[in-house]
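Only one chain is included here, represented as structure tokens and corresponding to the form predicted alone.
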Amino acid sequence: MKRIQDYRKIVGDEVIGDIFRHARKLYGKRIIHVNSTYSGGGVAEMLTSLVPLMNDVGLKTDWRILRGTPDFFDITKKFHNALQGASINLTDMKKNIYKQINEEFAIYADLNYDAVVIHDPQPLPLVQYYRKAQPWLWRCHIDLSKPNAQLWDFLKGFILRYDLAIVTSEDYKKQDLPMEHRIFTPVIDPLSPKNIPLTPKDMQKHIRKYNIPADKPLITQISRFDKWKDPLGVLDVFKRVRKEVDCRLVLCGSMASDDPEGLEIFRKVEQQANNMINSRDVILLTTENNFLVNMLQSLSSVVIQKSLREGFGLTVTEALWKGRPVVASRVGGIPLQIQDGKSGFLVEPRDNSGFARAILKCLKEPEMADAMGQKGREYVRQNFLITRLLLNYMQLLTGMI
């Protein structure tokens, strides 16, 4: 298990010392995190690193998964989309299934801790069905800038029971939510399998294993097969780039257990890719493998993130950490990570021509692209590593428990 001292050479002694200074006031306190999946997506990845480190610095920290049915996860996926602005037919049946799963979980879940941190909408109603005797914090990782009004009004009934809301960006604070907000930007773990430096031997091993030819420049998008990640738009961008530079595209995305739409989106992308000229230069991967993601990001000439909506976009953070040039949408939390024209390029999400131009600039000017990548890596080191999130929680909990 990783220890906090393992990060000293990356973040420096001052950061490590600051974490321990805050942790002294929390020794022995019991914290629990609750979300809806152990794997697939940035929330699970962050908790995989955060929970052991919270324990290492002296807190007794646990992690529980809300158990749901396929119907429940189908509904919460619709909630996720609607919170990002999509329409929804919010029937009483949907509301009742959503509440019922949480009520049943509350019957047998042990949440008797000094503080409870609930992540995203799936376990949000637990606060209504569990006997609340400590601070409850709602950590929302979703873009809340323009939620569906009907759904937002329904969910607010649960949110108001919380003691504090944690969001990713200043833009996600809700003026109609009369409670304290904190801003925690997401982070990556530089010592996770997805982010550690790979040796040339490791790279070659995974290139062979997944049959990724390295004879052409590689353009990669790492993200779930989700309409908000616009994989169909990525294919259109690739066609435009291919007119000027012979290259290859990889779309790699895990299938999260709480995302029932993933397979449907994947099939649409697969069908369109198969209809393209030179379709063999489009590689679609659904393998859940952190070393594969690491290899793809490290090997790519350009990493893209063409999201239409995005809470933050940890795949951007990961690519920047590997010193790669990134072309990404100017949405959600992505502009917090990229200084446009300095450490990457920001493009309007539906501007396929703009995406193609930025990618071509990186491919045609590799020295400029490498310099951008190095600036991006340093910016991530200073702002978006797991040690910073650990410190955020230490500072917050010190004042609450």
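Each form is matched to the other, and the largest set of C-alpha atoms that superpose within 1.5 Å is called the rigid core. Don't overthink the numbering: it's just position in the shown sequence, from 1. Values in this document were obtained by computation on a predicted structure and should not be read as measured data.
There is another form of the same protein, the form predicted together with a small molecule; it is not shown, and what comes next is about it.
| query | Though only this chain appears here, would K229 touch the small molecule in the model of the complex if you measure heavy atom gaps against 4.5 Å? | reply | Judged by the heavy-atom cut-off of 4.5 Å, K229 is in contact with the small molecule in the model of the complex.
| Is T287 a contact residue for the small molecule in the model of the complex, using a 4.5 Å heavy atom cut-off? | Yes - in the model of the complex, heavy atoms of T287 and the small molecule come within 4.5 Å of each other.
| With the cut-off set at 4.5 Å between non-hydrogen atoms, does D189 touch the small molecule in the model of the complex? | D189 lies outside the contact set for the small molecule.
| Going by a heavy atom distance of 4.5 Å, is R139 a contact of the small molecule in the model of the complex? | Because no heavy atom of R139 falls inside 4.5 Å of the small molecule in the model of the complex, the answer is no.
| request: Would you point out which of 86-94, 203-211, 246-254, 262-270 contains residues with a non-hydrogen atom within 4.5 Å of the small molecule in the model of the complex? | output: Contact-bearing stretch, as computed: 246-254.
| said: Which residue, I219, V237, A82, V293, is the contact with the small molecule in the model of the complex, using a 4.5 Å heavy atom cutoff? | reply: Exactly one listed residue reaches within 4.5 Å, namely V293.
| Among I101, L314, A115, I75, which has at least one heavy atom within 4.5 Å of the small molecule in the model of the complex? | Filtering the options by heavy-atom distance leaves L314.
| Quick one: core overlaid, is I222 moving 2 Å or more at the Cα between this form and the one not shown? | Comparing the forms between this form and the one not shown, which are aligned on their rigid core, I222 does shift its C-alpha by 2 Å or more.
| After fitting the rigid core, is the C-alpha of K306 off by 2 Å or more between this form and the one not shown? | After core superposition, the C-alpha of K306 moves 2 Å or more between this form and the one not shown.
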